[in-house]
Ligand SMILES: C[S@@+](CC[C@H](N)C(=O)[O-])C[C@H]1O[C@@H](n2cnc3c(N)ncnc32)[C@H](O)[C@@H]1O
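Just the one chain here, laid out as structure tokens, in the form predicted on its own.
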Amino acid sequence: MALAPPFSNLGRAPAGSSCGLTFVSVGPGDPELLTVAAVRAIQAAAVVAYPVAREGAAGMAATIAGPWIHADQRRLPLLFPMVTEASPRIAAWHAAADALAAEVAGGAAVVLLCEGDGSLFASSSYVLLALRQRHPACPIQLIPGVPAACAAAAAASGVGLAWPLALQSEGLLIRPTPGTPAELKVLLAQAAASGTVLALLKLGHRWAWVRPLLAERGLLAGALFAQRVGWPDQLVAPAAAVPAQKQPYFSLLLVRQGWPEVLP
């Protein structure tokens, strides 16, 4: 017996609807990278919700979308604590789902701003699952955005580097940076054997040991380091040019271990 899609019982706001909930992906940092659909959804909303890590914080997603938010729109910060324990995170997802559903039930058009793409390693994905469980009739749509790995590869051209994220005969694996050197070695070996480019997100403090490991294996020349892509202090550089020390949380690494045989 075939299983129904997990969101098959969710309502969907019709095009041009003045109410409902729209998850709006805002990309990695540059307000110009929002899609036309994202900007239209934000400007049509009565309530603009966005995640914050602590009470009173501005919120990265709201900062990115700031040029498109009007003063007369009501802002709704949603607290998503940056902790490892499961229970506070689950409670936050449930609280966010309830708050959003209540706004929609009251007749408001609501957007939830999501950093990067709302379905890729995103806190909003957990809110979407919580809404499905707790408020299955809430009309929802999701507008995709530019993932940081794609933005980093594109930004490389601006610093004189030709770095296509993946060519037609290559695979692409996007995942958080492994927690140990042993795990990364296994991943590198698998990627090399399958002709897969690696996009390693949430690099942060791990760069202190990742860089020496890549140097040991002769892979620095084929790796691109990117930090805070799309922000004014963006750094996109060959991995060999970045010292082995702790980096900000929003750092990523693109690793290519070879090129296809047919090239220009």
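These numbers come from a predicted model, not from an experiment. Just count from 1 along the sequence shown to find any residue number.
Missing here is the form predicted in complex with the named molecule; even so, the following discussion is about that form.
- Only one of the listed residues (A49, A45, A226, A61) places a non-hydrogen atom within 4.5 angstroms of the named molecule in the predicted complex, and that residue is A226.
- Scanning A65, V210, L201, L33 against the named molecule in the predicted complex with a 4.5 Å heavy atom cut-off leaves one residue, L201.
- Here the chain stands alone, but in the predicted complex its contact with the named molecule, taken as any heavy atom within 4.5 Å, falls in 117-125 among 183-191, 134-142, 98-106, 117-125.
- Not displayed here, the named molecule is approached by A148 to within 4.5 Å at the level of heavy atoms in the predicted complex.
- Not displayed here, the named molecule is approached by L252 to within 4.5 Å at the level of heavy atoms in the predicted complex.
- Within 4.5 angstroms of the named molecule in the predicted complex, the stretch 27-51 places a non-hydrogen atom from P28 alone.
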